[in-house]
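Read the single chain below, which is given as structure tokens and is the form predicted alone.
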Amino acid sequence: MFGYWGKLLRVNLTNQTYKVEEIPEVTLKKFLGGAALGAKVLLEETAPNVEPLSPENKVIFAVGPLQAVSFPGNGKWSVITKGPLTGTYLDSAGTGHWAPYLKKAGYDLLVIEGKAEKPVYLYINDDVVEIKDATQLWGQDTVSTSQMIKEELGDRRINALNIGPAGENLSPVACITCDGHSFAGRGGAGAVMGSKNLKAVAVWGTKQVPVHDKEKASEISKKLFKSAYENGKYFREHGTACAIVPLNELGDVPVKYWRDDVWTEGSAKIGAPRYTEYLKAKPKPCINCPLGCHRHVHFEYDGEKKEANGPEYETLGMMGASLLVEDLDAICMANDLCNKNGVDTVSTGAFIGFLMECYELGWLTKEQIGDLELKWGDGDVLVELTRQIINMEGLGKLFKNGIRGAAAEIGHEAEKIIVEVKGLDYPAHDPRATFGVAVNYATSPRGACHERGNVHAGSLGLYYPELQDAPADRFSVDQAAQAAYLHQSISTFYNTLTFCKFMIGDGGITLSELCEGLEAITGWKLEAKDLFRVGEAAFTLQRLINVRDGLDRKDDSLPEKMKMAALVGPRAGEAPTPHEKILDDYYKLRGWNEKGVPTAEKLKELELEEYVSFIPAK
């Protein structure tokens, strides 16, 4: 077996025990790793509708074969669990330096179950596995936690995934962080760790994974590092902030919590190149990354000068454009608060936009808002509401059960103005600018998610020549389902391989080159169509978890605002309707029935016949 150890480390926090289990090669070849292998464990080892914050839920961390060598973009890792925000399947991915270290310690998969009696953290160093007291870490922010663990263990090389106070307090939008600048950000995986009294997972390893052709793997890796570095010059200079202005020109950014159409002047103020110049932004790369999309920035807020990890596109979209906030210092401050406390900036920005709209409509009482005036474009309001949401105090208490819970508590017609799927708030890409995004959001297993199907990237010219002739027409109802089907399957493959998508789009690496690298590492000869099939199978397995939990077509919804076409701008007159027709087309492509349930025939086609019994009876 090459590229893998074939080892699963299982840790039981209740009993304070661990054991190492074998993973058969046939399993690894079918599922590769990451989100697919984690979904397999979640489906097989958890009961339907298991309470996400109960000891019976599991937290699963997974990597893939690329971590066997110094391959560009292999800093990615996946966490798989039942998510508190949606109540069902969740996988989230982060980067940093942790993933290759877990691999070097000798493991492909880490499964954590049960609940510790008091705060603990897990320490893995090659064959050493310890459950250590984390009482002194409880209450510490994400940056301090990593520093304190390194000091306690006496090794600066050790890397720790951890949660902040938000995860400890079981916030439904709590993240898991790595290196203080990378986050498994969406859906509340941090709260699941918090519910288990698990503060962190620290790793270090010195082992070399067996590689099929180490010399060739090294040669391919060096070639791809060089080409990605050369192709990614502009992206490296400006990070994901470089997307704000061009996406605004497509009508893709959220404006005034999805109510307005364009935000040209504001986008220029918070996007590149002004972002880079004003914040003196510099790249902060993950391990084995030639691009460095994360940013180190300088800003000033409330008279205090600060240095921190800077906001990226999604944060700029949801805390900037969605709120009409042009103040980069305020956005950086709100972003830093979220980062250190371990909170998802996307949902936080969405929550604030929702509150502002409710205030404007007169649906919030004076008692609820206190002395705060919720004005669009006010950076100080952004920072204050961010604090309240993080601490779940004041207006932040409304979101203890996410956006749906807040809408139900506010009443009036609040449930009609929220923009979410399955309880997960829309990220900062507008489906009315690229119709395939609408069906992607609607059907994504973890809820509305651009990272589980980058259909919008096709509008910027990204496509896969090995699998398609050209990008889909972004306003075509007839092409929307096919575009979502393609991009979802490939994006799910990335999260199964645990590989950074930016290496493809901005680094210019092709699927064919990725196949060459995989063959050198594993010895398996693959083509682009095989990568697509792996992603399709993984996506189907994830869907099966949701179906088992009672989700179906009714949950693949389109928010009311997304049915309203723009009056002006680049998407004037356009909306991704009829949604039901697009959904029908999509289900046929996927091999699902009219309710959105995978058929037995499709499972057998994807070599998932062992899961036919999970299909609910008619």
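Keep in mind the model is a prediction, meaning the values are calculated, not measured. When you see a residue number, it is the position in the sequence shown, counting from 1.
Quick note: we don't show the form predicted together with a further copy of the same chain, though the next part is all about it.
Taking a 4.5 Å heavy atom cutoff to a further copy of the same chain in the predicted complex, the contact residue among 466, 219, 413, 230 is 413. Contact annotation: of the candidates 580, 560, 45, 56, the single residue with a non-hydrogen atom within 4.5 angstroms of a further copy of the same chain in the predicted complex is 560. In the predicted complex, a further copy of the same chain lies within 4.5 Å of some heavy atom of residue 361.
None of the heavy atoms of residue 28 is located within 4.5 Å of a further copy of the same chain in the predicted complex. In the predicted complex, a further copy of the same chain stays beyond 4.5 Å of every heavy atom belonging to residue 242. Residue contact with a further copy of the same chain in the predicted complex: residue 400 places no heavy atom within 4.5 Å of it. Proximity to a further copy of the same chain in the predicted complex, taken as heavy atoms within 4.5 Å, picks out 261-269 from the listed stretches 85-93, 198-206, 261-269, 333-341. Although a further copy of the same chain is not shown here, in the predicted complex the stretch 366-381 places heavy atoms of just one residue, 375, within 4.5 Å of it.
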